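The chain below stands alone and is given in structure tokens; this is the form predicted on its own.
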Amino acid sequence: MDLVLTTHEQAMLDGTHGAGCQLAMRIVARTASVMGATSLRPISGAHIDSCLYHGQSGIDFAKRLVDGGAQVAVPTTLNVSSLDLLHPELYRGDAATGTAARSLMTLYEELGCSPTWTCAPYQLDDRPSFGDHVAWAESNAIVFANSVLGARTHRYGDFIDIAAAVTGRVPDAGLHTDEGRYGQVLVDLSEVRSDLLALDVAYPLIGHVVGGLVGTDIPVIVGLPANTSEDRLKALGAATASAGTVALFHAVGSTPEAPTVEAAFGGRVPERAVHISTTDLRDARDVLSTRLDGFLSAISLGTPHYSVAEFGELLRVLDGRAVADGFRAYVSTGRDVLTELNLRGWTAQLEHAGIQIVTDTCTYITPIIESPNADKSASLIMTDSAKWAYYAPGNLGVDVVFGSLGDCVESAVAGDLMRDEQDWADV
């Protein structure tokens, strides 16, 4: 069936609301046709990934919207950019690229977007509620909104995201529909040791394994502790989206659309079932580590952006100690979280410990991390993020060691690679 537009939507498509809005509606309408939607659905908000600089085409597109008089029609937040505007001295990239990235950021502000510059908009005070329809881009934000908040967004990419924000519309298809949200693959964690599930380090590893197993399908995970915390679900979801292309998972007993297995599957029989063991998690830990020898020069935390609770845990593990002389320790977070850290007096404590806070961007995207070696390919960096470990080798040309937060902190304090093998001793 053909796409049917309301009078207001047709007026946007006809150019009544300006050339910029017309371009945006053309994109939304064509996307709807590709997805098989017969109508569009109003949204209550958007989160934009197109503000991250990838080349001149991004600037050209945003400028065309601005020149056409476009403005976002719904509250719209912005994902990480290519620069840390609060700490500009950290940028170690090409000056021309930095200038272009800043121009792109300015254009999105001119469109009426809020300069939040975070990959974790769900950590903002104003976030979608259960059942709200939004247009979110950035893979970890998409999976969190769908899975943990129970809001509804399809996996929107660059340009479609801002087009949806300008028109206030998305295709009424995919993950916006009840039918499109039911589980497909049963993921059984009964073979994972319970003591490991009590540790934060298990959750990015579970996500990495699940993402590799299910791809684009919707997994229903059984065996997680009831009411698993948001930060653990955040780490799990981010890794499913990087290792696979998961946009929604259900965790029985923890996420809002999965009070039971039956509810998560909509009463249907799973298309297939997979079992994950402790050995699978240990293997994922090893796969995410590209090298285990050589000089460790830095740790990078906060992918996705660290929450206030995660900073509290970092300070607890540091226990008043400081990073070794010459060693680099970075934590990425959002401006709103940094404001709360300042109010609590934690920023000064972190700085005294030698921790560099990064805002507005992420260290696997932007050249920020200092290397003591002229040959950056010789750099070895440790992280507690499966997403960072997945992308950084290709993006930055560095080797990565994956470890727990405790491993990262002990390595930073010692100035050398430290990994506690006790939790994996019986695997």
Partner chain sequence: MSERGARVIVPGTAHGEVLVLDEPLSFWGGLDAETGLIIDQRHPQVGRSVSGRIVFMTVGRGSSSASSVLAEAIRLGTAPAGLVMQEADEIVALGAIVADEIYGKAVPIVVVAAASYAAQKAFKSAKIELDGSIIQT
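Residue numbers count along the first chain shown, from 1. The structure presented is a predicted model; accordingly, all values stated were derived computationally and were not measured.
Omitted here: the form predicted together with its partner chain. The next part is about that form.
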Item to check | Contact of R41 with its partner chain in the predicted bound form (heavy atom, 4.5 Å) | outcome: no
Next on the checklist: I'd like to check something about T279: if you look in the predicted bound form, is any of its heavy atoms closer than or equal to 4.5 Å to a heavy atom of its partner chain?
Outcome noted: no
Checklist entry - If you check in the predicted bound form, is V66 within 4.5 Å of its partner chain, heavy atoms only? => result no
Checklist entry - According to a 4.5 angstroms non-hydrogen atom cut-off, is R155 in contact with its partner chain in the predicted bound form? => result yes
Next on the checklist: Going by heavy atom distances of 4.5 angstroms or less, which of L83, A241, V210, A120 would be at the interface with its partner chain in the predicted bound form?
Outcome noted: A241
Checklist outcome for this item: Heavy atom within 4.5 Å of its partner chain in the predicted bound form, from candidates L288, L107, A202, V331, belongs to L288
Next on the checklist: Can you tell me which of 312 to 320, 268 to 276, 156 to 164, 292 to 300 lies within 4.5 Å of its partner chain in the predicted bound form, counting heavy atoms only?
Outcome noted: 156 to 164
Item to check | Residues in 215 to 231 with any heavy atom within 4.5 Å of its partner chain in the predicted bound form | outcome: T216
